[in-house]
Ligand code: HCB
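First, one chain by itself in structure tokens, the form predicted alone.
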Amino acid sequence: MSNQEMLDKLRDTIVTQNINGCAAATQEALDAGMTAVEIINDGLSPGMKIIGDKFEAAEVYLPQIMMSAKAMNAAMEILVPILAEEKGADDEGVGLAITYVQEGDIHDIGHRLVTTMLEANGFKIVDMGVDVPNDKISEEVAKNKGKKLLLVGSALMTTSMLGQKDTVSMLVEEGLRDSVKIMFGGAPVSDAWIAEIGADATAENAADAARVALNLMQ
């Protein structure tokens, strides 16, 4: 089987939510001499992009998205230790992403998908979970100041979205704003909102979030 055929197989296991098949195809690609980065960027990520596009087009629904994410996670369990070896234990990859769901919100499906996609594209992750208050966010940013830092916050409700403005304001007040790129997402978040509150970017879906995040780090 050629490398391209193996990459296509990896992609298809994501699209078809084949968890065991994805893990097996990942190991098969590694055994054939492919790098973890190649497997992620050229096999797994295109699969997540396809499933994300299908979700946006209402061709698949949340259960399918979550099963594809589980397939991705099965592959990442194999690849994360190898990525560390390939990049060096102290390498922070393309950047360190602090991900969380805003205080007052416990909707974490989008958050988990975005976190998975960022990790798949080379980010090291600090996942703070759901219902995270702004003081905890600023503490985490301060602790990692000086690194290639990306803050990724999610809010699915208009009420919790308002907390994103407070997040930016707090980082400004504490002199941390210039040390971090800020990306916010969630159903009510728009480009106009991002511009109004002084954040850096938003994205339409998890696959697009990875692309936007990589561009911010450049």
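Quick note: we count residues from 1 along the sequence shown, nothing fancier. Since we're looking at a predicted model, the values are computed, not measured. Here the rigid core means the biggest group of C-alpha atoms that line up within 1.5 Å when the two forms are laid on top of each other.
Form predicted together with the named molecule: not shown, discussed below.
request  = Name the single residue among 180, 69, 36, 171 that comes within 4.5 Å of the named molecule in the model of the complex, judging by heavy atoms.
outcome  = Only one listed residue qualifies here, and that residue is 69.
ask   = For the spot marked by 65, 110 and 157, is every residue within 4.5 Å of the named molecule in the model of the complex through some heavy atom?
value = All three within 4.5 Å in the model of the complex.
request  = Please run the contact check for residue 59 against the named molecule in the model of the complex: heavy atoms, 4.5 angstroms, yes or no?
outcome  = Residue 59: no, not in contact with the named molecule in the model of the complex.
ask   = Heavy atoms within 4.5 Å of the named molecule in the model of the complex: does residue 48 have any?
value = Judged by the heavy-atom cut-off of 4.5 Å, residue 48 is in contact with the named molecule in the model of the complex.
request  = Report yes if any heavy atom of residue 133 sits within 4.5 Å of a heavy atom of the named molecule in the model of the complex; otherwise report no.
outcome  = Outside the cut-off, so no.
ask   = Any of the heavy atoms of residue 162 lying within 4.5 Å of the named molecule in the model of the complex?
value = No - in the model of the complex, heavy atoms of residue 162 and the named molecule never come within 4.5 Å of each other.
query = Counting only heavy atoms, which residues in 171-206 are within 4.5 Å of the named molecule in the model of the complex?
reply = Heavy-atom contacts to the named molecule in the model of the complex: 183, 184, 185, 186, 187, 203, 204, 205, 206.
message = Quick check on residue 138: with the core superposed, does its CA move 2 angstroms or more between this form and the one not shown?
response = No, shifts by less than 2 Å.
query = Core aligned, does the CA of residue 15 move at least 2 Å between this form and the one not shown?
reply = Where the cores coincide, residue 15 still shows a C-alpha shift between this form and the one not shown that is 2 Å or more.
message = Aligned on the rigid core, do the two forms place the Cα of residue 101 2 Å or more apart, comparing between this form and the one not shown?
response = No.
message = Between the shown chain and the other structure, the Cα gap of residue 151 to residue 47 differs by 3 Å or more. Is it closer or farther in the model of the complex?
response = More distant in the model of the complex, by 3 Å or more.
query = in the model of the complex, do the Cα atoms of residue 63 and residue 112 sit closer or farther apart than here, given a shift of 3 Å or more?
reply = They are farther apart; the C-alpha distance rises by 3 Å or more in the model of the complex.
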